[in-house]
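The chain below stands alone and is given in structure tokens; this is the form predicted alone.
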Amino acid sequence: MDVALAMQVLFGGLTTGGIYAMIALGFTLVYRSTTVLNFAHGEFAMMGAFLTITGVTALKLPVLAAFLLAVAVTAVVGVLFERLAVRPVRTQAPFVVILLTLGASTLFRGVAMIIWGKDPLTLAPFSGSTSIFVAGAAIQPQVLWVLGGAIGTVIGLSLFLNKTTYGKALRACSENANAASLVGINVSTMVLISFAISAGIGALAGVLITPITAMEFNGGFALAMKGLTGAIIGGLDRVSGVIFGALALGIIEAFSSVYISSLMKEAVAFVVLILVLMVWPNGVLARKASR
């Protein structure tokens, strides 16, 4: 085996998996606090990328300022989406909520197409395009930004959930919303916070990946499906499972596209999903006992 090629593929898989992990973390954050699978979550990644591009190109803002503004606006959209669309139907049958989020996904994509058009848009790499060589493999500097963003997201989210009052309250709501309400926690506020953080993480993922792959109006939905697939593989009820599943999916896709066939990339990912669900129905690292 060509070691340099294998390293190149590995870094590519980790990059993709890192983006999937950020998307998956947004999914699981909302799911654990509401039991809602938000199929419009990928559109937050698309929104964050497009808003950042607009800030840089139209408003002439520095990349950092445009990024922070895009994340803030996307988080506000996430809050409005929860309050105006999700909250009124949360007590309805699960398929009603699923249809709602799928409809919202279509709406967001349609609005994005009208505003930004159908052509893919991109950002300049944050640290230039001169490759870094690791064990003979040429790595784009943007890859390090993606990996750093994924690691930073995991650390930041873990600190928030474990060290802050709001984070502990959010964890309590995810374990048992009724019990949390009985001890004085405002469950409605916690759900709102989960949507805001989820949307912000999605926006971050979209901004980090755009210099590598470019973003188009329907690019967020594909990211959402892959992020959700990775989360299901690892186990939606555990952060560690979500990260493991997303990274594993990215690596499997990368190696299968190079060593099997690029045409089989999508098929291999979903074959792995089916096999995992046959052996571990709740995911590889899911809790042994359900709540």
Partner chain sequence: MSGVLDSAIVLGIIRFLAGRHAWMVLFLVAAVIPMVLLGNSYLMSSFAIIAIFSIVVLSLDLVMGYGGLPNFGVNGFFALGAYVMGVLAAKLGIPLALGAGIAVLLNLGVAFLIGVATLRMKHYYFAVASLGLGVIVVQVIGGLPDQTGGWSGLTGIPKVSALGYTLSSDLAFYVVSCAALFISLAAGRNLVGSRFGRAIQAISTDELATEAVGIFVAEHKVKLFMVTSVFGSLAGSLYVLFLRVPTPANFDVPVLVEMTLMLFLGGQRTLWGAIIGSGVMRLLPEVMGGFHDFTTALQGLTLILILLFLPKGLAGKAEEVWKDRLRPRVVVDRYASAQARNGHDASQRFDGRTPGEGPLLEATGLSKRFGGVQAVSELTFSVPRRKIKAIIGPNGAGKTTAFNLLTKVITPDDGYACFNGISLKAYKPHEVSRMGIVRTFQTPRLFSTMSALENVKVGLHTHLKAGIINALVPLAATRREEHDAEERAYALLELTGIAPRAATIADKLPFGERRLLEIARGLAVQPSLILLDEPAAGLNETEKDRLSELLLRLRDAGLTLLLVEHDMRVVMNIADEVLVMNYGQKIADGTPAEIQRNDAVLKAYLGEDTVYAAN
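These numbers come from a predicted model, not from an experiment. Positions refer to the first chain, counted from 1.
There is also a form predicted in complex with its partner chain; it is not shown, and the following applies to it.
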Next on the checklist: Based on heavy atom distances of 4.5 Å or less, which listed stretch (157-165, 188-196, 86-94, 201-209) is in contact with its partner chain in the predicted bound form?
Outcome noted: 86-94
Item to check | Contact flag, L107 vs its partner chain in the predicted bound form, heavy atom cut 4.5 Å | outcome: yes
Next on the checklist: Under a 4.5 Å heavy atom criterion, is G136 part of the interface with its partner chain in the predicted bound form?
Outcome noted: no
Next on the checklist: Although the partner isn't part of this model, could you tell me whether M264 comes within 4.5 Å of its partner chain in the predicted bound form, counting any heavy atom of the residue?
Outcome noted: yes
Checklist entry - How about M47: is it within 4.5 Å of its partner chain in the predicted bound form, going by heavy atoms? => result no
Next on the checklist: Please tell me which of V71, L170, A180, L100 lies within 4.5 Å of its partner chain in the predicted bound form, judged by heavy atoms.
Outcome noted: L100
Checklist entry - Looking at L61, I251, V258, M225, which has any heavy atom no more than 4.5 Å from its partner chain in the predicted bound form? => result M225
Checklist outcome for this item: Within 13-40, the residues having any heavy atom within 4.5 Å of its partner chain in the predicted bound form are Y31, T35, V36, L37
